[in-house]
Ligand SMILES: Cc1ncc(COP(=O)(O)O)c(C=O)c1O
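Just the one chain here, laid out as structure tokens, in the form predicted alone.
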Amino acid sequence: MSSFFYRNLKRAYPVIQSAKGVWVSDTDGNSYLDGSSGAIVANLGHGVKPINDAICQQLSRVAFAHTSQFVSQSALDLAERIVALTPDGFRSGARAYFTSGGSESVETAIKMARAYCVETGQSARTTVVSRRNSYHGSTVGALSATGHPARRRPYLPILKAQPQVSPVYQYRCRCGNEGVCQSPACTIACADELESIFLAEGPENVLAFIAEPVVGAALGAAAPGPQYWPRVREICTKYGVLLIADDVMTGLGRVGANFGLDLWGVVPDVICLGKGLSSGYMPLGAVLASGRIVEGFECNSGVFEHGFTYSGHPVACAAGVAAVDFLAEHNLIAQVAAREAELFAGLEQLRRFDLVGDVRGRGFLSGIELVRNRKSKEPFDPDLRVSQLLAKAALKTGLLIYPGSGSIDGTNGDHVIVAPPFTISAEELQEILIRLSVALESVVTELAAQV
């Protein structure tokens, strides 16, 4: 019996042995095509030698330094590189604060927003608005901002209650459209709901609005219409509310742009990064503070009262530098944007299966919503755990995908995410589709047998 605390103590997990490119192998000799980049993390694939070498070189110099005493050159270099990628209006005077991952980044961003308001004489601002059908992390502050009921339910007594607005969920829009809603009026209405919340809370009390540019795990790669984010930016600016972009999953190329909101030409005040920042080679995240936020500290106390033991970890930052350099040297962000059509053309073919209700996403972040009835969009009984059935069926074909549930209301709704590494070949991408088709056939057969 293992002493390891598994995520599910009633499930057996394979033991990983090696990984190279888009392939992963376990100790039983099984090989898997990584169709989800792990948990949408290994954006550059596995076993990239320049990143491994950078980690080893940094280890040979120094493994650890605490940011209360030192800053490492790797941290300075990484901050310069990622700030340089930010849009005009954000970049001048911007700085990067490093963490060990996405949840820490969101936690830090919320505290940074609050500290900024205190520094600038806006101490009444304490309310953080988020969206339903959202996920922002597993720490208490990040989970308080999360709008996914099932993930929150066990911890509700220790979470801070925060107001939430509707997401832009075009497949199940408020218009009740039979297809996928493309109505600008519906999109604007979702954005305008934010203004209603600000007014209800009292604008002077609202600290920030946090959201993913394209909703990841909680809503299966749901992207808004083109009017949504510009309108949200306009509303936040009008009431002096900070806009926090949770780019943990979408940032650094996953949706075919440097940062998620770049797709709509929108500039946030704070950006949260994680996952792809080091492509999983080391635990690493970051919070990018715009020049405006940094100035709020510099012109007052100069102190952000916050910190983690591993903030700015030299080895993690060295991995980040190598990952960002690899991304740039191979022009991978532009390639993701260019190959988006290739991925979605293949996924659209899966609509031949009646249980595929919707195919959506941007870049190399795609979601497939699974339904019992395509015409009515009726979801499967949540007890069937259909997204998990599909993930298990895919695993049997040697394919890794990322299942999700509760996308409609926190209980009902099944989807899977397909998000391959940016370095995947055309042949390997087709192999994902072949194996996913086989898995879907298997699930259709299994569900039919249960009737």
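Owing to the predicted nature of the structure, the values given are computational and were not obtained by experimental measurement. Residue indices: 1-based, along the sequence shown.
Keep in mind the form predicted in complex with the ligand is missing from the figure; the text below concerns it.
- Message: in the model of the complex, is there a heavy atom of the ligand that lies within 4.5 Å of any heavy atom of Ser103, even though the partner is absent here?
- Response: Yes, Ser103 lies within 4.5 Å of the ligand in the model of the complex.
- Message: Given that the ligand is not shown alongside this chain, does Leu219 nevertheless sit within 4.5 Å of it in the model of the complex, heavy atom to heavy atom?
- Response: Result no; Leu219 lies far from the ligand in the model of the complex.
- Query: Taking 4.5 angstroms as the cut-off for heavy atoms, does His313 touch the ligand in the model of the complex?
  - Reply: Although the ligand is absent here, His313 would stay clear of it in the model of the complex, with no heavy atoms inside 4.5 Å.
- Message: Just checking whether Val248 would be counted as a contact of the ligand in the model of the complex - the rule being heavy atoms within 4.5 angstroms.
- Response: Output for Val248 is yes: heavy atoms within 4.5 Å of the ligand.
- Query: Out of Gly147, Gly363, Gly137, Pro167, which one falls within 4.5 Å of the ligand in the model of the complex, going by heavy atoms?
  - Reply: Flagged contact: Gly137.
- So which stretch, 128 to 136, 366 to 374, 108 to 116, 231 to 239, is the one near the ligand in the model of the complex (non-hydrogen atoms, 4.5 Å)? Of the stretches listed, the one contacting the partner is 128 to 136.
- Task: Between 202 to 217 and the ligand in the model of the complex, list the residues on our side with a heavy atom within 4.5 Å.
- Result: If the 4.5 Å heavy-atom criterion is applied to the ligand in the model of the complex, 202 to 217 yields only Glu212.
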